[in-house]
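Quick heads-up: it's one chain on its own, the form predicted alone, in structure tokens.
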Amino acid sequence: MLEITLFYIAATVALVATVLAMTRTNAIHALIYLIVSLLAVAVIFYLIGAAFAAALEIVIYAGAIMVLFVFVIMMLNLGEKGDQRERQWLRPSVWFGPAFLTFILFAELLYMLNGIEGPASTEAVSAKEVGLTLFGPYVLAVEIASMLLLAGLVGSFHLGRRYLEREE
């Protein structure tokens, strides 16, 4: 029963963060909410027993790929005008929403990890086992996460292109 409640909390955070990511007019704000959404999806993966898929979600999607998106967005805002825009983005009021949603996920994760007793695993896992697991029972989760990444990439491309066309 408790796992179901935790699942619904993480799903609500993912839904709210995704809606906020889609409705933000500022690309960097949308990206921050997208990162929170990806973290919530990682918590959902962990809750359904896919701890490895959750770790991959955090390391690959919410980590490496989002850093690349932040880099591209920051590179589109060159010059003094871009510096002024970045100062506006760093106001505390901008960070309250993502920080609050992330705090909910962090509290949920601490609660889940507090219930674990003893070591999780002591044996090594081969690359073949990882591949069979990812493309076996978790293939749908991997594909959904990759489609989310593709949607984010297409969205950031179109946002950047419109910005560059307006500047010219």
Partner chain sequence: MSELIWLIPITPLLSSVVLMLLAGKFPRALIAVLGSGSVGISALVTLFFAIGFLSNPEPVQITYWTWMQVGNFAPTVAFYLDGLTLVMMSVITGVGFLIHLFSTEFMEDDVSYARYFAYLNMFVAAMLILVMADNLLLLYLGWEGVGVCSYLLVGFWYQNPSNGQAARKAFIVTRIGDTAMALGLFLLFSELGTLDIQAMGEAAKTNWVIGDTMPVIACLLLLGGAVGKSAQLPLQTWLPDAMAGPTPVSALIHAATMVTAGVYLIARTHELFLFAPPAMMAVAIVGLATSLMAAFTAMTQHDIKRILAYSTISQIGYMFLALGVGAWAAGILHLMTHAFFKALLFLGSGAIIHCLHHEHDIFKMGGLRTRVPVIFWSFMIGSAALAALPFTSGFFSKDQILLNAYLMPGVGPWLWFGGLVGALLTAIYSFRLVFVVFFGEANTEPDKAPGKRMAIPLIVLCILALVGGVFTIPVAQVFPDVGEQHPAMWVEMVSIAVPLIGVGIAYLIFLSKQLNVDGLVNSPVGKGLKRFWFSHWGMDWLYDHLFVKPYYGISAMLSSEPIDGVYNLIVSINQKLNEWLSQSQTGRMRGYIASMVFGLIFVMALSLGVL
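Positions refer to the first chain, counted from 1. Being a predicted model, the structure only gives us computed values, none of them experimental.
Separately, the form predicted together with the partner chain exists; it is not shown, and the next lines address it.
Residues Leu101, Ile104, Leu105, Glu108, Leu109, Tyr111, Met112 of 98 to 115 are found to place at least one heavy atom within 4.5 Å of the partner chain in the predicted complex. Note on Val19 and Phe103: their C-alpha atoms are nearer in the predicted complex, a change of at least 3 Å from this conformation. Note on Met22 and Leu109: their C-alpha atoms are nearer in the predicted complex, a change of at least 3 Å from this conformation.
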